[in-house]
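Heads up, the chain below is alone and in the form predicted on its own; it's given as structure tokens.
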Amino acid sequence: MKTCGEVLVELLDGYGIDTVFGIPGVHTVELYRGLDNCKLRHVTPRHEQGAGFMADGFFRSSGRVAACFIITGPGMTNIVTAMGQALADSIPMLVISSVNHTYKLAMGHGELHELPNQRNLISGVSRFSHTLMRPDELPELLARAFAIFNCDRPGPVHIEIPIDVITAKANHIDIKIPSRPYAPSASAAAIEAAIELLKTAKRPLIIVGGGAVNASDELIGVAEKLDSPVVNTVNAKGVIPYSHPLAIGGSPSSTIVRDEIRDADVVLAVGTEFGETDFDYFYLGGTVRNGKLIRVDIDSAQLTRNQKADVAICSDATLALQMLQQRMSDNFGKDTDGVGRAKNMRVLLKESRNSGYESFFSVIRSALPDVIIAGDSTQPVYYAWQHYETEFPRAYFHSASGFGTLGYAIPSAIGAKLANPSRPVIGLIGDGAVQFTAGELASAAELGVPVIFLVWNNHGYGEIKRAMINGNLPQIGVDIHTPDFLGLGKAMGCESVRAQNLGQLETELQLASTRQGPSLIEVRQEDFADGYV
């Protein structure tokens, strides 16, 4: 007899899931019955929040969805934060949890791991949450989940399975994967309306967000035909390589870029929600725009938020950009001086940068040119908004925008390294955030993955302390105890060193990239030259 749990594993394999992050528990052991006989790799984190962050980094760096196997009750409350970050940044993950027996649901009998209503808890951090009441429903639910991942605004999907359903007979279930829906494409009328605006533009500007991370070639094609500078949000770093003459780099929160957005006569915004942490990180006020706005987004509701569009195109970014490029004649981009405008903004942005952090990130790029960085809410990451540039999409992401979680970088970097074993991966994290998910260092050691954990140590919650000082507030709760990170890293199985200057940092990064297991490199802010705040 095949159980529902075994059929679930077969279906996940059929959908191309190759990695499951999970911590086995008494309520989920039956989900593991089929794992021995399939190609799925199981990774055991040290906390369910780590499982969610690993799945997050796995997808962001590769575009491949991972699954999480989570126990009912505390397992679900633990993964909620990771799901919240993924929802805020439109990152798909499939969360499969157990729940108590069907005949015990919502009875309040004090069963192990019992919650009054687990789905109510999860509904606010998922695209949908569903209780599987019969094995027969499983193929339809998974088809629905992957339809959202492929052709809607993605995010976490949660399916909870009662213990008695996990073990129910499921030999009769059809495990053939149905045809997946094609992503929505733009209407011809919407494309024509956009073309009418773009062909008259004398000062066009393109803004690209994380929704266009798969549309690099198409984005570059449109930018070159339009001869338009390109602004990227954090999740779109590298969608147009920084070496491209139309790439501006930096952040749409900087005054220099905000001025260009204001003065552009036509703005083409693709896959961006115009959120605060991308467009007003420095709290300068809402984005001012004097020209026309064309918005492209796969989520129709998002097209109505934050910025009012003159042309709203509900479409997959790649398909919309393909259609726009096909309709652009050689007469587009005349007299717009896109390359000159981009060059001027790059010069102004470079002049405005902090010399210390500019050097810090230059060393990382020099040591590991093809590195993937998973950043946390920490001081260098706050500067990475404007100081870190890359040549590749999916090579930089962080948790400091959107939901703004702490403890993200360690497990996320592990997930990214598992998805990209041939590329160096850095988890850039602060001394405060390390203490949220330090246990996942042991996960990296157990897996033997050569991921690099770069710890920026300013001995406390430096950003919050500075806000308290600036607000003339007492500095309470921010000067926390700083562990011995070298000792901690060694105890967890990491090769652990301290870099006391930029030269040592470059050397240690290169050495770490050649090791067979994880490395922890501590950088103490006070050891570095002036210019770091």
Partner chain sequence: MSKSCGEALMHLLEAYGVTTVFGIPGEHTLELYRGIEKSNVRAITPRNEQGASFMADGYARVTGEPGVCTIITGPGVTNAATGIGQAYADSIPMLVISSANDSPSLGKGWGRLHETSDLCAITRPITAFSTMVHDPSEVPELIAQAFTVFRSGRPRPVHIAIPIDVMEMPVADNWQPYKTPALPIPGKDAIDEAASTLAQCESSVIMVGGGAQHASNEVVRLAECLNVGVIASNAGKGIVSDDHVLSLGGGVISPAVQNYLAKAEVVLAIGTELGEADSFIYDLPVNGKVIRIDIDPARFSDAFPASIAILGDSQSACTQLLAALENQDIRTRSQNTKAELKQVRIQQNTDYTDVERQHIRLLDALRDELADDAVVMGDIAQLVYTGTAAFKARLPKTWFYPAGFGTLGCALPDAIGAKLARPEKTVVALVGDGGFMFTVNELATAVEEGLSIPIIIWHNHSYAMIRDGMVKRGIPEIGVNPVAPDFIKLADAFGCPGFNVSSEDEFRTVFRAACEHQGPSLIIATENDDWLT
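All values reported here derive from a predicted model rather than from experimental measurement. Positions refer to the first chain, counted from 1.
Just so you know, the form predicted in complex with its partner chain exists too; it's not on screen, but the next bit is about it.
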Notebook entry, point to check: Quick one: of Pro450, Gly356, Gly238, Gly404, which gets a non-hydrogen atom within 4.5 angstroms of its partner chain in the predicted bound form?
Noted result: Gly404
Check: Which residue, Asp310, Asp136, Asp337, Glu114, has a heavy atom that falls within 4.5 Å of its partner chain in the predicted bound form?
Finding: Glu114
Next item on the list: Report whether all of Val125, Arg305 and Gln435 sit within 4.5 Å of its partner chain in the predicted bound form, measuring from non-hydrogen atoms.
Entry: yes
Note to self: Using a 4.5 Å heavy atom cut-off, which of 267-275, 203-211, 316-324, 170-178 contacts its partner chain in the predicted bound form?
What the structure shows: 267-275
Check: For Thr81, is any heavy atom within 4.5 Å of its partner chain in the predicted bound form, or not?
Finding: yes
Next item on the list: May I ask you to state whether Gln49 is within 4.5 Å of its partner chain in the predicted bound form, using heavy atom distances?
Entry: yes
Note to self: Can you work out whether Gly250 and its partner chain are in contact in the predicted bound form, taking contact to mean some heavy atom pair no more than 4.5 Å apart?
What the structure shows: no
Next item on the list: Could you confirm whether Gly333 comes within 4.5 Å of its partner chain in the predicted bound form, counting heavy atoms only?
Entry: no
Notebook entry, point to check: Using a 4.5 Å cut-off on heavy atoms, what residues in 39-78 are near its partner chain in the predicted bound form?
Noted result: His42, Thr44, Pro45, Arg46, His47, Glu48, Gln49, Gly73, Pro74, Thr77, Asn78
